[in-house]
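Just the one chain here, the form predicted on its own, laid out as structure tokens.
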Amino acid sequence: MHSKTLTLISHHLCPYVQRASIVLSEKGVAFERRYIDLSAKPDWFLRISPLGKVPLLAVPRGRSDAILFESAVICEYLEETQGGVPLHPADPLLRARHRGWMEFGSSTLADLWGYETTTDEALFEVRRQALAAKFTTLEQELDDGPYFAGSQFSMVDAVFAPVFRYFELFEALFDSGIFDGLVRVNAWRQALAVRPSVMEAVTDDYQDRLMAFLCRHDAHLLARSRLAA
């Protein structure tokens, strides 16, 4: 590839792409998007993506771009090379703790994948309980907000904003009870939902695309929503 500006190679539903998009926006960096269909990956993409996954960040570098892969690597690169407000704490110990919570966010996404795609009722319930437990753990970590570390938006917020976005649709379909009694987590969800960088990380048809994804997988989540109706 030969780009004139930073290019984020994306998929419309990928939460890891959203992380990178949020960080780019928070840093005030101009960038372009290039969407691909992960069910029909183009040859040019497979040539430059070692893992065959998004996001990729194409960084202009002479005659050909340098390609970064893995969202955590992309976000750390942007933190180290771009201006704007820092998204990591200056204190090394606190910064390390934030990176740990970012990994906790990735673990939450693993449970969320099973929750949204399984057709099995028993597995669905296991994943529901696992998600509820993770958000309960977060409730104990949060303070007065509005963000993970208080008034300052951080990389941890960029990780969890795409997680919470799923539930804007999921909780409308089916009241899971996952967030019951979690006052701080619910306030955090609401603060992230209206953050411009978070809102702009997806296209306007995100929820339609997500619903179509659930239908293609014959997700048990839809069966639960029909029973609850």
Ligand SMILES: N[C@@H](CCC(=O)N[C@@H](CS)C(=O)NCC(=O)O)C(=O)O
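Residue numbers run from 1 along the displayed sequence. In this text the structure is predicted, and so the values were computed from the model without any measurement.
Just so you know, the form predicted together with the ligand exists too; it's not on screen, but the next bit is about it.
- None of 180-188, 167-175, 51-59, 193-201 except one has non-hydrogen atoms within 4.5 angstroms of the ligand in the model of the complex; the exception is 51-59.
- The ligand in the model of the complex comes within 4.5 Å of no heavy atom belonging to residue 65.
- The shortest heavy atom separation between residue 38 and the ligand in the model of the complex is within 4.5 Å.
- When contacts are judged by a 4.5 Å heavy atom cut-off, residue 70 counts as touching the ligand in the model of the complex.
- Put simply, residue 221 is far from the ligand in the model of the complex: not one heavy atom of it is within 4.5 Å.
- Looking at 131-145, no residue comes within 4.5 Å of the ligand in the model of the complex, counting any heavy atom.
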